[in-house]
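Starting off, we have a lone chain in the form predicted alone, written out as structure tokens.
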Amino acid sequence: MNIDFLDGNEMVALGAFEAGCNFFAGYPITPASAILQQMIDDLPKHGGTAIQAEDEIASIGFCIGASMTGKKVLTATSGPGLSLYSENIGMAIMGETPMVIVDVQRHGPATGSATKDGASDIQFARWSTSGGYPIIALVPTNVEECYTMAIQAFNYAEQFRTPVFLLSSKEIAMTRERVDWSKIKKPEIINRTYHKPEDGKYIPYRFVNSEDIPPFAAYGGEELTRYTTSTHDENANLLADPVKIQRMMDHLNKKIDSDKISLVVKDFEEGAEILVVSYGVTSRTAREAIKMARANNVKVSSLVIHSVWPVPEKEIKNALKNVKKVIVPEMNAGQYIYEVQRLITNNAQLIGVNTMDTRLINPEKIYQAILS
């Protein structure tokens, strides 16, 4: 039996290696620095390159350049660093650049409590750059999921040609847990689709239907490639034509489809009129509270959301059927609760269980909300 004792940051790095990551750039920041260190120590052993850049802006800039030469790219930071990534995140979205951005969340805002946990960046990740275009963000609840979701994040980045966020947090990242490798189900590796010479002349951003993903050709190869941060046509030439601009923007909106990305864990109890919707490390607290409730003959269902963006609307709507009370625990002032609220179509009571004092939510707090 192959069993290790690892933390979330180590598992993110191992997941990246498994996914075929061969380029990393980052800058030290608590609580994500261990990922930087492990990539510098070990990525060259896997045939890749790891760089400690001079700052966060340079880090993501290196990643964009490396990705467009065909590398599988990772960077890791925390909330303050994510704010510095912002402009280049927009560039990566506009240029349809595959990469994985790990945000090991901590208590915020600003420097906040740098060594304490928090789900500070749930909305920040979604709206981290101008334009408001869809992004993909995955949230693990434990150490093992840091590994599998790192792989899945790379898969989505490659499949949809887009930056993908992996939103870990301090407690998951820096807490060691028992890992039984024999029980871990690894996602099948997906690589980006490359242009084939038999397909004719390469056009960098060609698509037929809005949801199509343009094939890729690496910079430095035989194909002529262009890259721009501005609105552009299929050849990456700047646009002034409103009709063509709308077509390109529709493509950025529609290529990321929640039906293809919806990752949730359902634990529905027949006849339950109470639903707990959770994500991240708080899902583990919610699970204990639900056990307490069920032990006292209170029927409660659970929906754990791993793909927070795009919102898995169909899954949430299905979970809300026949529910009279919805509880959303979060280690912030209430960020994802509004995504649940807009999907409620009856008069179900909506309760947020929130803490911002740097401590994990106590199961008793969620249990009392179930009973209220």
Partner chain sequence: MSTTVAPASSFLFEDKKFPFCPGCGHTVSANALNKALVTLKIDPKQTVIVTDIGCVGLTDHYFNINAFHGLHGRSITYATGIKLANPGLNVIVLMGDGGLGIGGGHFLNAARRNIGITVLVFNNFNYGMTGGQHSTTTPMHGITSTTPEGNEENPVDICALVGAVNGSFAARTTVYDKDLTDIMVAAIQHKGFSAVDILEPCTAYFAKKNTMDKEGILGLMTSLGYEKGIVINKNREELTEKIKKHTAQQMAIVASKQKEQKQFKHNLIKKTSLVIAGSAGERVISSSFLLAYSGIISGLFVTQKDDFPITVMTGYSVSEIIFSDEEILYTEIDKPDYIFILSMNGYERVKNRINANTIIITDESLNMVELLKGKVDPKNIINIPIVKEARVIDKNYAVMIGLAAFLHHSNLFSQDAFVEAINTKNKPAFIEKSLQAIEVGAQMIKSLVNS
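Residue numbers count along the first chain shown, from 1. Computed from a predicted structure; not experimentally measured.
Only in words, not in the display: the form predicted in complex with its partner chain, which the text now covers.
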Interface check vs its partner chain in the model of the complex: of Lys317, Arg342, Lys324, Lys45, the one with a heavy atom inside 4.5 Å is Lys45
In the model of the complex, the residue from Ala295, Ala110, Leu224, Ile189 with a non-hydrogen atom within 4.5 Å of its partner chain is Leu224
TL;DR on 151-159, 171-179, 132-140, 118-126: the one with heavy atoms within 4.5 Å of its partner chain in the model of the complex is 171-179
Taking any heavy atom pair closer than or equal to 4.5 Å as contact, tell me whether Ser262 reaches its partner chain in the model of the complex.
no
Does the 4.5 Å heavy atom contact test between Ser230 and its partner chain in the model of the complex come out positive?
yes
Going by a heavy atom distance of 4.5 Å, is Thr49 a contact of its partner chain in the model of the complex?
yes
Partner contact for Leu360 in the model of the complex: its partner chain, 4.5 angstroms, heavy atom:
yes
For a quick check, can you give me the residues of 53-69 that have a heavy atom within 4.5 Å of its partner chain in the model of the complex?
Ala53, Glu54, Asp55, Ile57, Ala58, Gly61, Phe62, Ile64, Gly65, Ala66, Met68, Thr69
